[in-house]
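Here's a solo chain for you in structure tokens, the form predicted on its own.
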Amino acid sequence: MAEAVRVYEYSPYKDVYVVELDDGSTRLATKNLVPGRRVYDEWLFKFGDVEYREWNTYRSKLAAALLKGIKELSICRGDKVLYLGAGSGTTASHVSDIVGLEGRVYAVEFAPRVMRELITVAEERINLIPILADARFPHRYRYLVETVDGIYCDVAQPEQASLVILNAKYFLKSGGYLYLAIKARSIDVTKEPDEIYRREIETLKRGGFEVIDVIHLDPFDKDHAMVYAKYVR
């Protein structure tokens, strides 16, 4: 664990912090919901009585989007978030930090091997609820998930936008937010990424979303973009 020289909120994103170290370097971070515990070998920082976790922009597309200046971070304390494609819990754990014990993160993951790692993370984070399921079929987990404030989607599937729309119809409240990490090469390797982004964005619009911002994630994630939208139905 490293001692921080200074910690301040990363404006304009509430509950996201910049940690300054004695060598002059800075790191993005969130307050650690489970002090003393790491999720993916990230750095832990102590400042006063508070522990922070490094939010690695090369390991988390949401962190990369924040560093590149996406317009807003709508995820906030007390929110209920449906996370599609939670993987082993890297970004989901930071969302867990932000929503706090008052919130919930419903973490859907399809791969059983990865789910084992996610369950280990969830054992210590009581606001993180792992769900082994295919996000293309939300009716199969409708009895586990309540109406949510937002959806975060990071799945390696074609037709990502259509998958999001289907889940939104089941779970997302009117006016709720969406962060969609579009993986262009997972959708169609024969087309240019910008063409894929435009197509998925148009699908979102037809499905009831107002697109507010789109951020390309290079150099952190090549051929990826983060879409921020609101559900207006």
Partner chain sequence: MRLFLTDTAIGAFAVDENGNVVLKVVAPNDINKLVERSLSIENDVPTEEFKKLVNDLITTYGKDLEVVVETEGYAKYLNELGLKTTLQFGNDVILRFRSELPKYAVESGFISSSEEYKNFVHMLALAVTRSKLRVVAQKRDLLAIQAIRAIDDIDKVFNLFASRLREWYSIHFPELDDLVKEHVDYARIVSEIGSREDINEKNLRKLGFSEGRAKRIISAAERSLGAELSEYDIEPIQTLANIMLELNNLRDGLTQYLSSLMKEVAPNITELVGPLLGARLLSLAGSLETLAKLPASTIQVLGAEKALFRALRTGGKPPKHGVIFQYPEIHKAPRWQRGKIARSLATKLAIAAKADYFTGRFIADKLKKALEERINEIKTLYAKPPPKTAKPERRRTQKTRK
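Numbering follows the first chain given and starts at 1. All figures in this text were calculated on a predicted structure; none of them were measured in a lab.
Below, we refer to the form predicted in complex with the partner chain, which is not included among the displayed structures.
Next item on the list: Could you tell me which stretch in 151-159, 86-94, 135-143, 71-79 has residues with non-hydrogen atoms within 4.5 Å of the partner chain in the model of the complex?
Entry: Result of the contact check: 135-143.
Check: Taking heavy atoms and a 4.5 Å cut-off, does Tyr177 contact the partner chain in the model of the complex?
Finding: No, Tyr177 stays farther than 4.5 Å from the partner chain in the model of the complex.
Notebook entry, point to check: in the model of the complex, does Arg233 have a heavy atom within 4.5 Å of the partner chain?
Noted result: Flag for Arg233 set to yes.
Notebook entry, point to check: Does Val99 reach the partner chain in the model of the complex, with heavy atoms at most 4.5 Å apart?
Noted result: Because no heavy atom of Val99 falls inside 4.5 Å of the partner chain in the model of the complex, the answer is no.
Margin query: in the model of the complex, does Val108 come within 4.5 Å of the partner chain, counting heavy atoms only?
Written below: No - in the model of the complex, heavy atoms of Val108 and the partner chain never come within 4.5 Å of each other.
Margin query: Looking at Tyr40, Trp43, Phe47, Tyr170 here, can you tell me which has any non-hydrogen atom within 4.5 angstroms of the partner chain in the model of the complex?
Written below: It is Tyr170.
Margin query: Given a 4.5 Å distance limit between heavy atoms, list every residue of 107-123 close to the partner chain in the model of the complex, or none if there are none.
Written below: Residues within 4.5 Å: Pro112, Arg113, Met115, Arg116, Ile119, Thr120, Ala122, Glu123.
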